[in-house]
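In structure tokens, one chain follows: the form predicted on its own.
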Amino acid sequence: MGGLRELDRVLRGEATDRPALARDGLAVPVGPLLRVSALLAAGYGVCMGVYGLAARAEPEVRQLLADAVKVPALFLLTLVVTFPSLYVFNALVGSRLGARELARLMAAAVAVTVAVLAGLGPIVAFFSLTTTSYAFVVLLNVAVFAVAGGFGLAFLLRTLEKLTARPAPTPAPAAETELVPAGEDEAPAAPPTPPPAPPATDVGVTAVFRVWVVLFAVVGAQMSWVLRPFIGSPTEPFTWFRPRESSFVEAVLRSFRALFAG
């Protein structure tokens, strides 16, 4: 329940608004967020595995169990592989974010991504029950992961800009006007004080994160290919893993050709 409350704070923006970040930083617990993320990812994995129940002559219950384990493992292993590079890049550009802050930020971003996945899971299960097209279900899941990743990316960059914003320089006080005795010409009014400039964003850190996000997406796509099958072709027997062959991009292109070829 603690993890769900923290996830709700993150989704509603209560944990990432500027006053809260200025006062406490990104004060979210890593452990509870990762645990609730694992549960939500497992739930989406069950929705992915529904196709193995509906599309086969004999329902394959093991596909549900496999996906409930593999989807959380996909996010965890991708983080393990890519987090060291993020820390090194972040340190090289002189960011103020330490390892603990980076871990909190990544835990929150993954939680947002997985929450979107879990929210779209019932739609994936519905189409898995109502269609026999393996190519369509594959592309549907790829699209759902892309949408969830887009939300996670937007949250990550938006929160990063708030965390790394430098305070704007304080404008110099306006010169005081001298009092003019009665009967003399009035002194010109002092120019209005300009509004305070918004905080400046650390461009170097933002650029590093954008590069790292691309790296994270590439590693995640390849990790999903290593852990396949997630859906399971109805024409092939169930297996926990498949041998290394082809690539993620080639598989997506094959699914496109199969879908539009009828």
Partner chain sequence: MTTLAFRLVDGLLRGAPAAGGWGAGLAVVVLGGMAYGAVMGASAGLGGDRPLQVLFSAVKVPLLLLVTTALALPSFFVMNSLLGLRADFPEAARAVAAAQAAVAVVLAALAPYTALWYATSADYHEAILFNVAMFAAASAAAQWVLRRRYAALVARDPRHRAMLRAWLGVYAFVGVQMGWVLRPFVGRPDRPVTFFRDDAWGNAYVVVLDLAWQALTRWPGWSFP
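These numbers come from a predicted model, not from an experiment. Residue numbers count along the first chain shown, from 1.
The form predicted in complex with its partner chain exists for this protein as well; it is not shown, and the discussion that follows is about that form.
Asks: Okay, which stretch from 70 to 78, 126 to 134, 83 to 91, 96 to 104 lines its partner chain in the model of the complex, with non-hydrogen atoms inside 4.5 Å?
Replies: Answer to the contact question: 126 to 134.
Asks: Verify the contact flag for residue 163: yes if a non-hydrogen atom of it lies within 4.5 Å of a non-hydrogen atom of its partner chain in the model of the complex, no if not.
Replies: No, residue 163 stays farther than 4.5 Å from its partner chain in the model of the complex.
Asks: Does residue 140 reach its partner chain in the model of the complex, with heavy atoms at most 4.5 Å apart?
Replies: Within the cut-off, so yes.
Asks: Residue-level contact is defined here as any heavy atom of the residue lying within 4.5 Å of its partner chain in the model of the complex; does residue 21 satisfy this criterion?
Replies: Judged by the heavy-atom cut-off of 4.5 Å, residue 21 is well away from its partner chain in the model of the complex.
Asks: Tell me, yes or no, whether residue 251 is in contact with its partner chain in the model of the complex, where a contact means a heavy atom of each within 4.5 Å.
Replies: Residue-level check for residue 251: no, no contact with its partner chain.
Asks: Go through 88 to 120 residue by residue and record those having a heavy atom within 4.5 Å of its partner chain in the model of the complex; state none if no residue qualifies.
Replies: 112, 115, 116, 119, 120 sit within 4.5 Å of the partner.
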